[in-house]
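Read the single chain below, which is given as structure tokens and is the form predicted on its own.
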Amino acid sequence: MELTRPITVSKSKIDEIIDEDSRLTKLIYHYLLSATAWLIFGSFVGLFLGLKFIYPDWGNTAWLSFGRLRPIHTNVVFWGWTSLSMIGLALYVVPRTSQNRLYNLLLSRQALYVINLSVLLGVISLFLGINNGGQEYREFTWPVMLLFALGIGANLLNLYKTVAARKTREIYLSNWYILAAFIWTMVVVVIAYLPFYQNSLGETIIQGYYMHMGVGMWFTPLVLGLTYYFLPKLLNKPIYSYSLGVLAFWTQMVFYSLIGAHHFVFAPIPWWLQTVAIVFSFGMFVTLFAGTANFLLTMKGSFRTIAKSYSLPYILVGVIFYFLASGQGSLEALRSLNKIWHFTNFTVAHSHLTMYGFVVFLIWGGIYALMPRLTGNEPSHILVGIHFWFALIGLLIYGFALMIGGTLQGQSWIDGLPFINSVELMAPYWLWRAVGGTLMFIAHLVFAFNIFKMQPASNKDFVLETAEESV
């Protein structure tokens, strides 16, 4: 009798259905559903921008120009997709690790509406050419970001109250990272949007501070805090070292706060400020080694479990990119390398390897770990695999194409060649960028379908299905 070989390696089914308040389950799902809608829109804009490098005559109207669409792409995936998805996961992790109910469900639901309104108004204003000037990642005007800050502040209050009323003596490591991310982000937004001290070079320095702190004090600690919960939970073993986690936390807080100026090496800002940024950028290797080692040593001896899981491979990839992409950023701070790579397509590759390879893959790992257990609805394992491989291969094609092309681009400027030469040599690399971006966008469509498949059942059906499985 001939045996048929399965298309993919079989994955383990979910091992438990979490007995959670259905109202919280639906709230988390609505955060993730909103985030996914922004992911599809934001990455579609990004794909269109990538194709404009190959077909520059596409969209010759003001509202489809690169100058308007690029900030729409970055702000939507930052504040719409990534932020909402992380907050949604945090609304489960913080109460769970505090052994307590979420302080106020309504408060976080209202915050969801406010953040969505903020992103929507920001997109409309950017389409109309209304922005905060040419300041990367803070193109939204202050009224728009005030709404975003209100949404973040409401969730901060909710999570802080939940931790304060915890039923455990210690504050779990995840909550250190998560609460710190919310607190730092409120500080960063306030500093970035207070106008009275931002004149000439002062604005440049604040821009470097804001641009880097947005990544390092919002996305990084929040997604790491989530991983400190999901990784040991999925492996059914404790995190390798609480001390390494604390070391990574405090070095992140100390070193990262002073590295934003490395974006303006050789700019007319104080040389000592540039040097401090470079030194602290290398101090981040302490954080990277401590954090990465903690995660990988937790995974040690569990790779069979990882292979059988459909969520753990995302976390493994995210941890690897956490070290590689963040380490790449520290190396870019060196004056010798900054001279070649800065202002080239290399930095575009770096930002995607960091935000996508590190942050987004860890988010996906958390979503695939949590939602099937909350709702009892699993996605197709094959579709989860298609999502994983299309996203990973697309990112690698995208990243390597722009890293190689960006290096050649920077070298051509150093050699004093005409600027048009650097444009012409980038043409084949922009083509590969579009190929990689297309694969990534297809992966997002598959992920959106998986989110739909994991939606909560009605309360009655959910109770009946859970009861039947328990019997």
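Worth saying up front: this structure is predicted, and the values here are computed from it rather than measured. Start at 1 and count along the sequence shown; that's the residue number.
We do not show the form predicted together with a small molecule, though everything after this point is about it.
Contact check at 4.5 Å (heavy atoms) against the small molecule in the predicted complex: all three of T220, M284 and G437 pass. None of 26-34, 57-65, 44-52, 415-423 except one has non-hydrogen atoms within 4.5 angstroms of the small molecule in the predicted complex; the exception is 44-52.
Though the small molecule is absent from this view, in the predicted complex it lies within 4.5 Å of a heavy atom of just one residue from S174, T375, S85, N345, which is N345.
Distance criterion of 4.5 Å from any heavy atom to the small molecule in the predicted complex singles out M211 from the list M211, L112, L234, I397. Interface membership of Y429, defined by any non-hydrogen atom within 4.5 Å of the small molecule in the predicted complex, is ruled out. In the predicted complex, at least one heavy atom of E136 sits within 4.5 Å of the small molecule. In the predicted complex, the small molecule sits within 4.5 Å of a heavy atom of I259. In the predicted complex, the small molecule sits within 4.5 Å of a heavy atom of H352.
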